[in-house]
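Take a look at this single chain, the form predicted on its own, given in structure tokens.
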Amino acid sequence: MEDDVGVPLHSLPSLPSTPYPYSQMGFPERWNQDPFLSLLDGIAGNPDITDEGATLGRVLFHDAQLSIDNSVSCGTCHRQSRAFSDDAPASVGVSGSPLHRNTPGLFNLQFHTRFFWDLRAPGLPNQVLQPIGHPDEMNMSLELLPAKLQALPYYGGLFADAFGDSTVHLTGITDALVQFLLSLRSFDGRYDQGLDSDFENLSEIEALGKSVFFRGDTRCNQCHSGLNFFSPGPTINGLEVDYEWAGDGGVGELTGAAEDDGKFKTVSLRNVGVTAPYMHDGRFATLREVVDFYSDSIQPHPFLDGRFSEDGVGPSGQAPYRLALTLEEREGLVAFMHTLTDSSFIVNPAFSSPF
């Protein structure tokens, strides 16, 4: 059964009569006081979130009508149950060919200034339309997209609610998607629940992993810093001796500079327990494989980040450290990282598909 413009009725979005309060979904006060995050918050100049704007963005994000053949949405590759990542090493879009890199999770994006693994997009407004127009992802002409959406029975009203005018336009599509993405805030893992009780809620093995994570020699928290457990800059972490030869030079593919060969974004460890597989190419299927790599197998590189050297300071390109963690320490690190998963975030109906 179809409506008068040929849209299957089951594909119409089901939305609450009163929008979800996206504009009120702020971070806890301790996040606002985090010195590291305070340096980053607001730099990107993102738009304010309105309930109606983020509602429109939610529909756009989950609507397969944004792809050329109506088969792929943003949410196809960014799945809420996996903290808006994918469980494949490389997602597959409309072309049927695996994409170049692993699909990262989406949350706490207001602290990011550049996007994609190679940081090629400055700011969310410059990122959100790229997958829609990419020939292997959604392959939709951005010039034709507004008219396509205007012909659907639900976007005129959603645009009127969000922007005061029922005309669908690319600026509004961009702004609404950014608002929805900024509303994806995740901060309620068991780690967070333990902050006010000296982590009495953690098991013995989780507490051990926490101590290993924050102790000086491992330097885990030097790259994965602050309450968001991330860094805004790219890092050469020693996955390869020659990244370009291995098939992906990261930032180096954009700059052509030897010192950028293998630089990739340092992603957040929040929700890392549900975002497997790991690294830019999804090479590691489990967190234990990641821990084993950093303990034993970092490769030498002429510009390896100095934090992966024996003393952890000084110039890049030093010989990589060998932590040789014990079995218990490895198991502890894995257990601790699972405490960063926000189980409420991955089921929050305000972020789920309305279709």
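Keep in mind that what you see is a predicted model, and the values were worked out from it rather than measured. One rule holds for the numbers: they count along the sequence shown, beginning at 1.
Not on display, but discussed next: the form predicted together with a small molecule.
Only one of the listed residues (199, 187, 116, 163) places a non-hydrogen atom within 4.5 angstroms of the small molecule in the model of the complex, and that residue is 116. Residue-level contacts in the model of the complex: of 83, 176, 269, 158, one residue has a heavy atom within 4.5 Å of the small molecule, and it is 269. Looking at 150 to 158, 252 to 260, 136 to 144, 189 to 197, the stretch with residues near the small molecule in the model of the complex, meaning non-hydrogen atoms within 4.5 angstroms, turns out to be 136 to 144. Although the partner is absent here, residue 104 is a contact residue: one of its heavy atoms lies within 4.5 angstroms of the small molecule in the model of the complex.
Taking the partner from the other structure, the small molecule in the model of the complex has a heavy atom within 4.5 Å of a heavy atom of residue 131. In the model of the complex, the small molecule stays beyond 4.5 Å of every heavy atom belonging to residue 49.
The small molecule is not drawn, but in the model of the complex it has a heavy atom within 4.5 Å of residue 237. Every residue in the set 61, 294 and 321 has a non-hydrogen atom no more than 4.5 Å from the small molecule in the model of the complex.
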